[in-house]
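Taking the form predicted on its own, here's one chain by itself in structure tokens.
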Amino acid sequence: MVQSKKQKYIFLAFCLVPTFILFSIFTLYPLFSGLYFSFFDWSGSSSVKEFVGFANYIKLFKDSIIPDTIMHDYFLVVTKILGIMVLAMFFAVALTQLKIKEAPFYRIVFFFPNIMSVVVIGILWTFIYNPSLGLVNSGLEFLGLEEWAKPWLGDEKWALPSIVLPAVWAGIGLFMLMLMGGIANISKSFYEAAKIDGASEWQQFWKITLPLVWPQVKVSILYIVITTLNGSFILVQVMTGGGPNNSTHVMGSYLYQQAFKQYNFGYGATIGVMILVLSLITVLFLQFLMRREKVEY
């Protein structure tokens, strides 16, 4: 018995230690390094680092651009959640509940953007939004709506909303497949019983489908929040670079500008700490907000 327990612990250690080492190298070390560098005035390339204590954090609270970057990030969070989840749920229900022969083809079509690099997506949509040759303005002119055409990514009012569309387009497929997996596991007897009781399609969705796929919905929303707060800067950097006039800067793109363009690595690390704190607070708040009793069948 003792030998058996010893072998069990050795096996667990053999499985967990490599994972913990990789987690420490690629997650814990960068995390604590960023926290450490946030207390220094450092260019990122020099061997000279000047300890400044909380000066970078004081500068952070006084920086007039920071509130705008936070608002831009949460604007993307809200619009992506609404756009992606509504469309992903619609297509998931349609492809599972309706008898569509081409359903496997549509799954591939919707998932295709997920296998593309974010950089490629950004470049593609930059051409689509091109004021002279882009598909958007050309389509508006073809429909006789020339007055609606504008330099989408060069307009302070429309630049940030214009980034939402490619972000939603790129995210629908993955979450659609997640929801389809949850819907496929729902017993058809529930829907048959609901039809016998006279429930409409809409009532079946609200009373059966949504409650039983809520775990997938919750995971999807949290994933969108985390990836947006920590990764939306890639699309912003490719499509607008934070412009025009800082109207599309998010926390990540502003961090990139401070750390790698203005060589203020210490302040960039401070912004990174802020991103981590806001991400944790947002995720914990949403988990509290979306908590509900587990529905079993």
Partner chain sequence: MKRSVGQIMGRTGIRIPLILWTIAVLYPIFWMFLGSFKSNAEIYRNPWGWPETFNIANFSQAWTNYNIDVSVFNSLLVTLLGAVLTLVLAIPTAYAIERMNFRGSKVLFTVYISAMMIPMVLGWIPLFFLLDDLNLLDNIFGLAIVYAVSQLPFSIFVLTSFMSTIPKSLEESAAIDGLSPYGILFKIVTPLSMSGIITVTIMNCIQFWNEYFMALIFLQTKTNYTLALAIDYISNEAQYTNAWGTLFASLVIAIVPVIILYGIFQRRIAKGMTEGAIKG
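Residue numbers count along the first chain shown, from 1. Only a predicted model underlies this, so the values are computations on that prediction, with no experimental measurement involved. In this text, rigid core is short for the largest set of C-alphas that superpose within 1.5 Å between two forms.
Keep in mind that the form predicted together with its partner chain is missing from the display, and what follows is about it.
Looking at its partner chain in the predicted bound form, residues Phe37, Leu87 and Val119 each place a heavy atom within 4.5 Å of it. Scanning Trp214, Tyr106, Phe205, Phe75 against its partner chain in the predicted bound form with a 4.5 Å heavy atom cut-off leaves one residue, Tyr106.
The partner is absent here; in the predicted bound form, the one residue of Ala149, Leu210, Ala194, Leu177 having a heavy atom within 4.5 Å of its partner chain is Leu177. None of 185-193, 67-75, 169-177, 155-163 except one has non-hydrogen atoms within 4.5 angstroms of its partner chain in the predicted bound form; the exception is 169-177. Its partner chain in the predicted bound form comes within 4.5 Å of no heavy atom belonging to Thr240. Contact between Phe61 and its partner chain in the predicted bound form is not found at the 4.5 Å heavy atom cutoff.
At a distance threshold of 4.5 angstroms between non-hydrogen atoms, Lys8 is in contact with its partner chain in the predicted bound form. Using a 4.5 angstroms threshold between heavy atoms, Ser247 stays clear of its partner chain in the predicted bound form. For the partner-free chain shown, Leu87, Phe90, Phe91, Ala94, Leu95, Leu98, Lys99, Ile100, Lys101, Glu102, Phe105, Tyr106, Arg107, Ile108, Val109, Phe110 of 79-110 come within 4.5 angstroms of its partner chain in the predicted bound form, judged by any non-hydrogen atom. The Cα position of Thr27 differs by 2 Å or more between this form and the one not shown after fitting on the rigid core.
After superposition on the rigid core, the Cα atom of Ile281 is displaced by less than 2 Å between this form and the one not shown.
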